[in-house]
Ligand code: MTE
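One chain comes next, on its own, written out as structure tokens in the form predicted on its own.
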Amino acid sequence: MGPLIVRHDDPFNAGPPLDVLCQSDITPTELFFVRNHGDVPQIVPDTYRFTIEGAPRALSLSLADLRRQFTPVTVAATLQCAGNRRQELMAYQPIPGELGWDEAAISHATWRGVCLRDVLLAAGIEQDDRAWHVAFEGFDQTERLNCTFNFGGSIPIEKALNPEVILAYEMNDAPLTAQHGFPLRVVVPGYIGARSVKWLKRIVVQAVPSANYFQAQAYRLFAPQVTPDNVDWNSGLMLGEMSVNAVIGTPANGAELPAGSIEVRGYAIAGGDRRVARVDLSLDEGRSWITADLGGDDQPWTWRLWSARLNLAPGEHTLIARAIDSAANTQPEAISSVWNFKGYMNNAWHRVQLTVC
């Protein structure tokens, strides 16, 4: 997989070097992070079909049906694993059994496909059907708790009927690769990456959230005092929208730099349909801040790459970044306040230690 840093071989999980990730608004497909829970399924495109169940009209559609019956759309969206920045949580307190993602379990692409809303409407779902959920199941199989099953998850129908949620067959102006969901995947902008189910097998409209392990148990957020020994799995919050977050891409943590002017670069993200409004940097533990320059477009569902120039005197420095979104949400200061035994949703202030000579 070239320059990707492999976090796990089987199943394959990998991400790009952080400094490389922050160089381009669009992440090249070969650098886009890969999150798999099982083996990549081998699907023959000519015979591929997926189904829509639980709606007034059951449907079975091929890729050719999608292209012929529905208007194609393009959406720019950033996908982020809920475990992004888990290494920082692991350094604070051990998190056994989870992948040690750094800050690069996130990437941005342009996606082309059809609106999920259009497919649901064709299946007889009405615009005012609000007390429902839309569940997705992929062809990929995994094993947990001595059971073998397909990966899946769900989103509220309010989100599913929004035009940004698509069934994508292209990524960055080319057909999906096998690692990224060929021949068809869901893209749910603003939500954790686990809801953008790859290798789509079926869609089920139902009255409750998905009972799939990866919705009902795995991707849940627990309070810092909860441990694997005392957990009540039903008490965790099902993960959905991403949290506001900012990360310093360069210079790297532990870098040694000459005194004087340096360029700092990174990325910021907001969840739901909120936008990144500002990125602040501090060199004095938050007593004072400077505002970074934001690049890219001011759009929901997309990250903003940012940059700033700082003058650093000789000595040891801690550089801090935080983001503020368009709803005035910002990040908590301390890792201890967001630690959880699954290692999800770390959006504490991002810090890097620098030595200036």
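Numbering starts at 1 and follows the sequence shown. Worth saying up front: this structure is predicted, and the values here are computed from it rather than measured.
One more form of this protein should be noted, the form predicted in complex with this ligand, which is absent from this view; the next part is about it.
Trainee: Please identify the residue among L167, A160, I125, A194 with any heavy atom within 4.5 Å of this ligand in the predicted complex.
Mentor: It is A194.
Trainee: With this ligand left out of view, choose which of C81, V244, A77, L120 has a non-hydrogen atom within 4.5 angstroms of it in the predicted complex.
Mentor: The option sitting close enough to the partner is C81.
Trainee: Though only this chain appears here, would W301 touch this ligand in the predicted complex if you measure heavy atom gaps against 4.5 Å?
Mentor: No, no contact at 4.5 Å.
Trainee: Tell me, yes or no, whether G138 is in contact with this ligand in the predicted complex, where a contact means a heavy atom of each within 4.5 Å.
Mentor: Yes, G138 sits close enough to this ligand in the predicted complex that at least one of its heavy atoms falls within 4.5 Å.
Trainee: So, in the predicted complex, is S307 in contact with this ligand at a 4.5 angstroms heavy atom limit?
Mentor: Output for S307 is no: heavy atoms all beyond 4.5 Å of this ligand.
Trainee: With a cut-off of 4.5 Å between heavy atoms, is N36 one of the residues that contacts this ligand in the predicted complex?
Mentor: The answer is yes: N36 has a heavy atom within 4.5 Å of this ligand.
Trainee: Which single stretch, out of 258-266, 279-287, 180-188, 220-228, brings residue heavy atoms within 4.5 Å of this ligand in the predicted complex?
Mentor: Comparing against this ligand in the predicted complex, the contact stretch is 180-188.
Trainee: Would this ligand in the predicted complex be within 4.5 angstroms of a non-hydrogen atom of every residue among F149, Y213 and K342?
Mentor: Checking in the predicted complex: none of F149, Y213 and K342 is within 4.5 Å of this ligand.
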